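Here you get one chain, nothing else, as structure tokens; it is the form predicted on its own.
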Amino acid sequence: MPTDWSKKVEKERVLEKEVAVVEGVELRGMWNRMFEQRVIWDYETGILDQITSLPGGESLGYCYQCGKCVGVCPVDIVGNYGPRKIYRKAQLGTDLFSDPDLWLCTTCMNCLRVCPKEVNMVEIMPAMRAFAINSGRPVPPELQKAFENIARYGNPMGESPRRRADWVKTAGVPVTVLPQSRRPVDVLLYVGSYPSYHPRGQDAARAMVRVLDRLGVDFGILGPEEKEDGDSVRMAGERGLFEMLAEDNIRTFARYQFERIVVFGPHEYNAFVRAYPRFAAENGFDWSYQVLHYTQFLASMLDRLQPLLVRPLEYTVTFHDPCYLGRHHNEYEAPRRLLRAIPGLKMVEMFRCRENGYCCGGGGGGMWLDSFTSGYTRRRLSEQRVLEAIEVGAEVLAVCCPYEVSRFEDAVKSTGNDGRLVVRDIIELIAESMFGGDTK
């Protein structure tokens, strides 16, 4: 028996028959062509090999073109995208390191949820972007501006670090700013950039500290010593900037005494639960903090919180699952438990929710890429989501990510639904029920 099978196998093309019969089953041409040899050697593999050689890029080579990812990709729903399509472009020789597709992925993880081969775009896209940045390829100007602001000021808006705690002056309750008091606290409230500077984010920050004060939580904030967490920077490919931010924040945290960290946003949660422990271990830093998203923290205190929710809110509310709290960390219940605890509130779910939740478009650096992506999609992802909220009859779109309030409020206006849908952070709804009046 010959051992050299390459000499045994005939490589000539198997002709497609108009009709083939296999074990009594009639197969028309479109089906019997599957028995042909797949001609993989007709393609140039240089670009694909370059991607799969990157640390983190390996799994793109696992794709076998089943296409399951395309149907759940939020960008494909409003454009033409998906891991299968990216693989095909690489297979055909497109230089993806200089292609717009490099920046369209929001790292929402919905493709990985359904992929039978575990092609992981959450690792592939940051690896490709890092290579592009380090090799001098062009970066969309608005993203580059965010990088520069974060490097210089510690926040993407380019605001002065000295103003990071200015919102506290109008909070209406005492807030411990740790660099001023330096006393031990139970909870370090990591506020984040958008709740510190953006007007709508500040509304949520003020609501948060009022609720914590009413619950008797001993908390403090870092104020001017707090910097951007850097997780979205890392996913957008600026690894060096992420490492600088991580080191600065870890050193800052170490100067103060607290028992746990409560964060406003899912991206900060992902940074402190996944990225910072890895970075700390690799660089000899200590990182042993308990980290909670604020919905998890408050849901754990429902026995104390619920009796304080005295004013019924007669709203029909739908909830948008943040990708980085839901799919990335499998937390779907804590936000819903808080919403269900508010008296009078009626909840409705959108078609795309929980594991299949849609993306607001802000992840993976998308928060700073709206102008860029508008040239490659029929509408913004946030606009698509607003239309889905309208479709189920919601009066309020509830969120729990600082990226989302401003994104969805803009989308409400741009889709012509101003007056039909209100966007509120869950903490704002809790404060409204607790204290009465519209806290916005």
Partner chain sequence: MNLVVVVREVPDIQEELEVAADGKDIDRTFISFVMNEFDEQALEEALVLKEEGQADSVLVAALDGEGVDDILYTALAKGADEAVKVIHGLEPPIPTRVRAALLAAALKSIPHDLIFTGVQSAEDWDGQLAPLLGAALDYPWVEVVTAVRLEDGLAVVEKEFKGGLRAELEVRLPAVLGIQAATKPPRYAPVSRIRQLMRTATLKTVEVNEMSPAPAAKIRRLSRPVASRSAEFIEGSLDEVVEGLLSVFRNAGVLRGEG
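Remember, predicted model here, so these are calculated numbers, not experimental data. Positions refer to the first chain, counted from 1.
This next part talks about the form predicted in complex with the partner chain, which is not shown.
For the interface check, one of 208-216, 160-168, 253-261, 82-90 should have non-hydrogen atoms within 4.5 Å of the partner chain in the predicted bound form; which one?
After filtering at 4.5 Å, what remains is 160-168.
I need to confirm a contact call. Of 186, 148, 355, 349, which residue comes within 4.5 Å of the partner chain in the predicted bound form, counting heavy atoms only?
Here the answer is residue option 148.
Contact residue in the predicted bound form, from 174, 136, 284, 307 (heavy atom within 4.5 Å of the partner chain):
By the 4.5 Å heavy-atom cutoff, the listed residue in contact is 136.
Is residue 275 a contact residue for the partner chain in the predicted bound form, using a 4.5 Å heavy atom cut-off?
Residue 275 lies outside the contact set for the partner chain.
Heavy atom to heavy atom, is residue 241 within 4.5 Å of the partner chain in the predicted bound form?
Looking in the predicted bound form, residue contacts with the partner chain include residue 241, since a heavy atom lies within 4.5 Å.
Does the 4.5 Å heavy atom contact test between residue 300 and the partner chain in the predicted bound form come out positive?
Contact check for residue 300: no, nothing within 4.5 Å of the partner chain in the predicted bound form.
Any non-hydrogen atom of residue 333 within 4.5 angstroms of the partner chain in the predicted bound form:
Contact check for residue 333: no, nothing within 4.5 Å of the partner chain in the predicted bound form.
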